[in-house]
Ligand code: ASP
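Encoded as structure tokens, the following chain is the form predicted on its own, with no partner shown.
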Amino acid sequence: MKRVLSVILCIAVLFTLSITYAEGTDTENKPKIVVLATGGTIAGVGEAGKTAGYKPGSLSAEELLAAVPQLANIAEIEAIQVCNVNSDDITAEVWLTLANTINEMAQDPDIKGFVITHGTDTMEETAYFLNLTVKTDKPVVLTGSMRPATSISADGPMNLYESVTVAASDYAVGKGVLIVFSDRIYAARTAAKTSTYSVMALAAGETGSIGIVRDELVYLYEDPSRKHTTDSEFDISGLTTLPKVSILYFSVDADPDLLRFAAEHSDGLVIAGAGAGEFSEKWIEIIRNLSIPVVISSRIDDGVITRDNLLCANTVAANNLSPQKAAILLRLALTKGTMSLEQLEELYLQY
């Protein structure tokens, strides 16, 4: 009997200790990460098993998080549903909401970082806009997926898990806005979507990724060198919309009337030129006489455009920014009022 009582007592003590340990683990301070959901494929729902024909933006932020219970091992999560749309329906107003929300919430010392779930089609644009407008060194990470939540081997849960891991990491502090996708970490300025179907659809051209994620380990190897976040001069706190900038894609026999129309209905233009930002004599004649800012980019994925490449003296080289990112920088530049050609050139060299 005494031996039985001793065993029972030991079991009771061990049980008590296990409860105490579990309680200590549950209440252990974890970094707080705010997840801002905007929709996209990661929140998409369709026919079970299929990767196409789904409806983006069908799941709520809470449903996305519930699918990855392991997130509780990494961080305390607060979810905010900003919108729930296909990323082709993202607007400047959504950008401003995201930036202002992050700038306000970043003042809370308990918040470690932010994750934004987003469709991949325009993810690089949202990331670059936030890279120029958020005013915090705290990690801001965008992620999404190429397969809807109802597909076989959906990639959203792993991308979300890795993004929270990066947002909670001290290594990501001060690195500007990042994109985490398929184990890789990209700087917002250089990230671009490069495939219509691959789960490795995000890449960064000539510059490549700046780090990788393996399980709960974050490895960052490069620092983005261009100005961003707290070093950026752009202030959007009082804005409700952005100036209008149109992108014109040049090709053989591209209609000059489209260029004229866009110039009449825009505050600035970006030309996605052929090769090193080139276009026809008909376009040159029109652009030379425009009074609005015109930035020259290229329809080519990689490479740089310099001042010497320009066909018109009244234009600005986009450096190696894609047309869509060159347009974002021009929209923000226009919020500062009238700028000289030299001032615009300097912005494209700095950002």
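In case it trips you up, residue 1 is the first one in the sequence shown, and so on. Please read these numbers as outputs of a predicted model, since none were measured by experiment.
Note that the form predicted together with aspartic acid isn't included here; everything after this is about it.
> Though only this chain appears here, would residue 169 touch aspartic acid in the model of the complex if you measure heavy atom gaps against 4.5 Å?
Replying inline: No.
> Taking the shortest heavy atom distance, is residue 145 within 4.5 Å of aspartic acid in the model of the complex?
Replying inline: So residue 145 counts as contacting aspartic acid.
> With the partner left out of view, is residue 88 within 4.5 angstroms of aspartic acid in the model of the complex by any non-hydrogen atom?
Replying inline: It does: once aspartic acid is placed as it appears in the model of the complex, residue 88 has a heavy atom within 4.5 Å of it.
> Should residue 298 be counted as a contact of aspartic acid in the model of the complex, where contact means heavy atoms within 4.5 Å?
Replying inline: Heavy-atom contact with aspartic acid at 4.5 Å: absent for residue 298.
> Just one stretch in 36-44, 290-298, 305-313, 58-66 has heavy atoms within 4.5 Å of aspartic acid in the model of the complex, so which one is it?
Replying inline: Single hit among the candidates: 36-44.
> in the model of the complex, which of the listed residues (193, 228, 138, 184) lies with a heavy atom within 4.5 Å of aspartic acid?
Replying inline: Checked against the cut-off, the match is 193.
> With aspartic acid left out of view, which of 151, 120, 126, 266 would have a heavy atom within 4.5 Å of it in the model of the complex?
Replying inline: Checked against the cut-off, the match is 120.
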